[in-house]
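First comes one chain, alone, set out as structure tokens in the form predicted alone.
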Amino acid sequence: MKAILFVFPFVLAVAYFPISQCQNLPLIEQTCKQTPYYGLCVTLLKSDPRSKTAGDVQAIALIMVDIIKAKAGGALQHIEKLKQKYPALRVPLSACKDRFNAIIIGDVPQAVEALTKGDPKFAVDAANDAALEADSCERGFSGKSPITQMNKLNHDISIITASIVKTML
């Protein structure tokens, strides 16, 4: 009889809570499973200390938008160095600089505003545009560019962000 009294509260608790709570999957992993680049998504979010206290998908999305901004800023710095090192690539690198500036000046603020005002569709559009900007930069070179990896990373991060925000629609 004592065993039944001991086990009953646990059975009741398991039956009461939804299955998703019983699985106890962290928000980061649940969210990243909704993206095409799960491993990259988890790595990026786990590397950001704010993700440990993120309480919902909106907070995760805002962190990803900040990551887009940081990676685009890193690309801009690298582009400036490459322009000095490879004068023959000055034109396509300048075009890439314009693309990454568009991400930082246009897409990132649009995404932040849309997320904070509760209009995720515009945040999806901004993240998708950031991915297109990185792709456009890459296509501006004849052959492989000296920033192919950065372009791919910026593209993938932007697609992850768009995928996360889509779950809010």
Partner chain sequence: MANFYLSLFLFFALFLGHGVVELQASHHVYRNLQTSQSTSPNQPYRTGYHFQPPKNWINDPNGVMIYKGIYHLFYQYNPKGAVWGNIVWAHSTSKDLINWIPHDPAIYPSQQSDINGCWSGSATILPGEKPAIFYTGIDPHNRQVQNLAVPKNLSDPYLREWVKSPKNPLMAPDAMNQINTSSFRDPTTAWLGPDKRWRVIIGSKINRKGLAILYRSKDFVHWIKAKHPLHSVKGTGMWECPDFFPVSTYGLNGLDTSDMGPNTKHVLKVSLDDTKHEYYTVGTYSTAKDRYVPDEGSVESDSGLRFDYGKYYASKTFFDGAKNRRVLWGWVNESSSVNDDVKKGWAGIQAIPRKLWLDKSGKHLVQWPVVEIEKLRVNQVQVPSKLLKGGSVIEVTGVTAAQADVEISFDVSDFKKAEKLDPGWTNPQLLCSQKGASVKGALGPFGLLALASKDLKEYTAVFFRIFKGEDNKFVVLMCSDQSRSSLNSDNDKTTYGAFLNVDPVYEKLSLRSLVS
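Residue numbers count along the first chain shown, from 1. This is a predicted model, so every value here is computed, not measured.
The discussion below concerns the form predicted in complex with the partner chain, not included here.
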| property | result |
| --- | --- |
| Candidate stretches 49-57, 65-73, 30-38, 101-109 - the one whose heavy atoms come within 4.5 Å of the partner chain in the predicted bound form | 101-109 |
| Thr43: touches the partner chain in the predicted bound form, heavy atom cutoff 4.5 angstroms | no |
| 4.5 angstroms heavy atom contact with the partner chain in the predicted bound form for Ala131 | no |
| 4.5 angstroms heavy atom contact with the partner chain in the predicted bound form for Lys117 | yes |
| Contact set, 152-169 vs the partner chain in the predicted bound form - heavy atom within 4.5 angstroms | Met168, Leu169 |
